[in-house]
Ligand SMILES: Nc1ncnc2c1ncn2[C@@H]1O[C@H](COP(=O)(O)OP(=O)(O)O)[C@@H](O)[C@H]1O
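First comes one chain, alone, set out as structure tokens in the form predicted alone.
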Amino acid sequence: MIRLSHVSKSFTRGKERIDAVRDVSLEINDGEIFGVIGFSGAGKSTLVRCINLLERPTSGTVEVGGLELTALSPARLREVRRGMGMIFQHFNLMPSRTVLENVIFPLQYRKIPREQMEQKARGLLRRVDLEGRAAAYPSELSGGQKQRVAIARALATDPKILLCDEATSALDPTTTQEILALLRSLNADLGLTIVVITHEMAVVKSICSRVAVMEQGRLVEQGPVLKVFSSPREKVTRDFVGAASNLSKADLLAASGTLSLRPDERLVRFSYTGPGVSEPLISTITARYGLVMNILFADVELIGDSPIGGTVGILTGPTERVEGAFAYLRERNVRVEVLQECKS
């Protein structure tokens, strides 16, 4: 549905050149929910605006539905853009217009009878559970309700693609989950291709099938969400994973120098996905290899339908037995890290 080929976008501020997006190539499949994640300043918002050419790339090509947008005339581009809805962090509603009028707005320059526009807008408000607030003004709504209005407005032109630029960043955790559930249902019911731009790993884990990680304008890692977050290759991805997990406390503990280990003690972190989460791995290695494991932290969560988890603790025992235990765990696709140790 979407193909970016070597897309770059630069800005000039005074005499300074800012490379916001650098040579990004990626493909987003028809009907999938695709995430783009990165810390502030990574270039992800500029990238999503290049998809619908709100920002025209300095170089590279953008294809949507087989059409190369960067080669279209302005009139044809405006026509194609109608197939791409967009929602933003701060909703961008018109405060002087009612909820109904906000949803109607994208339709009013088309040759559609007023009655038909209202009928469609009310149907969309029904779709986002706001049928009873048609006469309200944005100032009378909660943040979650405002975003639902923005989603209804984005759907007014029957788009095939929905671009979400930090759409949940201004919302509390409960409301965020409600909006994500709505986006999932729109994806399932309407077949929408949804691109989610966010700095929140929890959002990507909750809703996306694949993810791209950006840093300093570059796409540094991409793939299925479970694979990227269970086996991160790049430091920025590991930082995202660590920030959202109790297991990151182990790095702080090791770096603090406050942990005093006795001979044959090691501070270890075991990370596993899928079946390994439910196996009694710790019990098995301590019994089979005669080791002692003092568990400090543990964490298990779901990404899609797959569990991912880990355990941090102090493992005590002779080196040869510990190495045997490590080999046993690695055979079962467990990632083993020794963060600190004291050898006898």
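Just so it is clear, the model here is predicted, and its values are computed rather than measured. Don't overthink the numbering: it's just position in the shown sequence, from 1.
Separately, the form predicted in complex with this ligand exists; it is not shown, and the next lines address it.
### Task
Determine which one of 61-69, 309-317, 284-292, 34-42 lies within 4.5 Å of this ligand in the predicted bound form, judging by heavy atom distances; exactly one does.
Contact criterion met by 34-42 only.
### Message
Taking this ligand as it sits in the predicted bound form, is A20 near enough to touch it, meaning that at least one heavy atom pair lies within 4.5 angstroms?
### Response
Within the cut-off, so yes.
### Task
Decide whether R13 counts as a contact residue for this ligand in the predicted bound form under a heavy atom distance cut-off of 4.5 Å.
Although this ligand is absent here, R13 would touch it in the predicted bound form, with heavy atoms inside 4.5 Å.
### Query
So in the predicted bound form, does T46 come within 4.5 Å of this ligand, heavy atom to heavy atom?
It does: once this ligand is placed as it appears in the predicted bound form, T46 has a heavy atom within 4.5 Å of it.
### Contacts with this ligand in the predicted bound form - residues in 221-235 whose heavy atoms fall within 4.5 Å
The stretch 221-235, when checked against this ligand in the predicted bound form, contributes no residue at the 4.5 Å heavy-atom cut-off.
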